[in-house]
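Next up: just one chain, as structure tokens, the form predicted alone.
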Amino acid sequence: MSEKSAEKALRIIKNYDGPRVRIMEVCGTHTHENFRLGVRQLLPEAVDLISGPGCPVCVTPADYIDEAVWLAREKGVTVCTFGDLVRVPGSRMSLAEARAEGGKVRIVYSPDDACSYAKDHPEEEVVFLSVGFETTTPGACLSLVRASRDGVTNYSLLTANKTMPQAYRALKGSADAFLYPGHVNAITGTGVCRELVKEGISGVVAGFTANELVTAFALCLAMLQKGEPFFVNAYPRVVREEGSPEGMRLIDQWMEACDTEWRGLGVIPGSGLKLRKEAEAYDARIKYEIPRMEARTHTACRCGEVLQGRCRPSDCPLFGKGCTPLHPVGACMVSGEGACSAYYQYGM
């Protein structure tokens, strides 16, 4: 981005004199970067910047944690997971607490690491906690390609993978425009966003540098003043119209759409991904006959409302008091992409 373009974007933001608007940061990384880079301070008072459901750990419901804890404690399975998920509270305990009581919980940096561990430890049953959006789902599928190729039969996935388009539809009306997550659109392409415009849903795909974020906000404000639904790809150096056909084919090969629950949003039809019948040998729910979990969450925690953009983290009565990064009550305070952790870290 040229210096001249950045100056133009800043002028648009500084001179905005339109009506009050709500822009939703769908992506948790956008929330953190807008704080860290000082972009929030550049926005006029008429812009209400709200957080949304773009943190995969945050939208993973408590009953999924209960399933993982059950596998570790009742089945003696080695549960492999990314670090953020370990401290997310379930109904009775987190995976960290299950590990403290003797459960096998192992931190990995990729699904392939989990598959490698399973291959190197054939005497253990290994389950990878597969959470995330279109960005990370291909990696989980690739681990199944490897397991199938190498004959790793002691490896499976506990899926909580989600897709974004139906979430945007469920949140229609909660914001005037979405700040779309660039990494998701790098996989899906931009066709979905163009389709959403026909349904009256507006948004801009944004990158993660200061200039890219400022440009995205300037485009939002300029387009909103026209009064028509819109879509702009403000991250063309990474996001292409076609996305990643290979990544999407990989997802389609191993998974299919299903109804799934989002923390705070409830069940959104067709927004989840589950393993196809042909891959059920790698489906932990089937392999271990996991019972249905009835989750309970802290009644005072407002994570669900934060994820819907209905309140700010600082509006929650637990924020900074009963709920801190060291002693989190809700998932939004645990995750490195969570809105509550961003507000806490940056003094909001």
Partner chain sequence: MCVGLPARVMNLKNGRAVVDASGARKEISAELLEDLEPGDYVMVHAGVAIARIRGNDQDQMDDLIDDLL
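Keep in mind the model is a prediction, meaning the values are calculated, not measured. Numbering follows the first chain given and starts at 1.
Although not depicted, the form predicted together with its partner chain is the subject of the following passage.
- Site annotation in the model of the complex: the residue of P313, P61, G28, G309 reaching within 4.5 Å of its partner chain with a heavy atom is G28.
- Residue in contact with its partner chain in the model of the complex (any heavy atom within 4.5 Å), chosen from L275, A160, V184, V126: V184.
- Within 4.5 Å of its partner chain in the model of the complex, a heavy atom is found for all three of A9, T209 and Y235.
- In the model of the complex, its partner chain sits beyond 4.5 Å of every heavy atom of P122.
- Using a 4.5 angstroms limit between non-hydrogen atoms, A167 is distant from its partner chain in the model of the complex.
- Contact check for G139: a non-hydrogen atom falls within 4.5 Å of its partner chain in the model of the complex.
- In the model of the complex, its partner chain sits within 4.5 Å of a heavy atom of F133.
- With its partner chain left out of view, the stretch that reaches within 4.5 Å of it through heavy atoms in the model of the complex is, among 189-197, 170-178, 152-160, 103-111, 103-111.
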